[in-house]
Structure formats: structure tokens, C-alpha cells
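One chain comes next, on its own, written as C-alpha cells: the form predicted on its own.
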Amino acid sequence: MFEARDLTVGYGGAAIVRGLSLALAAGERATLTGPSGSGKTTALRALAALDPPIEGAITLDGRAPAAHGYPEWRRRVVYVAQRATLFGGTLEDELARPFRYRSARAPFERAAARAALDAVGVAHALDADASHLSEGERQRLALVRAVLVAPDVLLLDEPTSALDADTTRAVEAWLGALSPAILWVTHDPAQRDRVAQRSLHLGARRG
């Protein structure tokens, strides 16, 4: 079980999101919606233990990030940004990168990587230069990289914003068949209804 209780997050001590609480069981899907500036990305980064919350608690299986150890937490609770961060090299280099860390619990498998890329419609060979990918291909590569490490929770920040409708549906179907709990930020009400069992909404930020 992944839980946040009375979470307040922001920057420099200034709160953007106040009192966020949620609970996600294994395999559960929820969306996080709200207008631009309401703090959706800020909330996801705090849930991933990338930025510290101002108040409140986050736990996975009843333990806080520090109790798991931050490298282990960030393998089990993975944040995927809207704009993919790539580090240079081939597609295989990008996908294998997390498996070099001590927190990795299994070796990189090329066959699993190829199958995942095929499922989301990235046709390039594993030895292709990742710097030549389109924005939509970069998004899908980052998604595959996150999924391959077998997280317990995926925190997705508009992961299909650069994709056409058919490719979006293919990615939704692929993610829908996976076992991790997923919290998915989207601005699209139709996508919200397709991918999630329930939705949390953040109101506009107050000055």
C-alpha cells in the first residue's frame, strides 16, 4: 500500500498543495487533475521523495522513504516527468542505465526491453542513437525505462502529452496491463475516465 497523509508541498516553505491524502493498493489506478499551476508536478515529485514535503507523511508498506533508504524508495516509487530526461547514447544505454545502480534487483534484459518498446510503438533498434528520437518517442522511452525496473508505484506526469490518439491508446493499454499502482496526471477528462478507477482533483492555487 502506498499512502500520503495530509501532505503539504511547495517551494521555499511556500505551500502550493495543502492536505493531500491518498492511498493506492497494488495495481490500482488513479488520476491527479487540476488547472495549470495547481501543484500536480510538485505533488508527484514529493511523493517520489525527490523534493521534501513541508508537512505530512508518505509511506510504502507502512514505512517512510528514509526507512526504506532513498535509493530503494526511488526504485520502488518511480516518477516519470512530462519531458523525458535522456543521458546520451543508444536506446539500450538509456534503458540499461538504472540497472547499474546498487538498488537494481535484477539484471537488464534486452528481450524485455525490446518487447516493451514494441508494445508502445518505438520501432528503432536498441543500438539506435537516442538523441535522434522525437519528443513522443522520448516520452515512450522514459516510460519503458521506468517500467523495466519493476517499480511498485508509477507516478506519471502527462506521459502521453506528445502522442497522437492511436499511440496514446496503445500506451494506455500497455500501462493498464502492468502490476504497479499508477498515479497519472492528465488534463484530458476522456483519458481520466479511460485509465483510472478514481480521480483526485487539485484546486487552483491561492495567493
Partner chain sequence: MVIEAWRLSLSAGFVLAAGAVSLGLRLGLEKTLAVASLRTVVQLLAVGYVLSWIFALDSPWLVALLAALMIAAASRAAVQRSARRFAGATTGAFATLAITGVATTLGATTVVIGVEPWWKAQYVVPLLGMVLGNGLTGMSLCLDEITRSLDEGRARVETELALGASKWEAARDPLREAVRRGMIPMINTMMVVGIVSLPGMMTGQILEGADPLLAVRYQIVIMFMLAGATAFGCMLLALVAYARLFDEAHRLRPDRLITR
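Keep in mind that what you see is a predicted model, and the values were worked out from it rather than measured. Positions refer to the first chain, counted from 1.
The same protein has a further form, the form predicted in complex with its partner chain, not shown here; the description that follows concerns it.
Among A146, L60, L175, I54, the residue placing a heavy atom within 4.5 Å of its partner chain in the predicted bound form is A146. Of the candidates R110, R100, R105, H132, R100 is the one whose heavy atoms come within 4.5 Å of its partner chain in the predicted bound form; the others do not.
With the partner left out here, its partner chain still marks one of 163-171, 42-50, 25-33, 176-184 in the predicted bound form; by a 4.5 Å heavy atom cut-off that stretch is 42-50.
Taking the partner from elsewhere, L86 is found to have a heavy atom lying within 4.5 Å of its partner chain in the predicted bound form. Its partner chain is not drawn, but in the predicted bound form it has a heavy atom within 4.5 Å of V78. In the predicted bound form, at least one heavy atom of P71 sits within 4.5 Å of a heavy atom of its partner chain.
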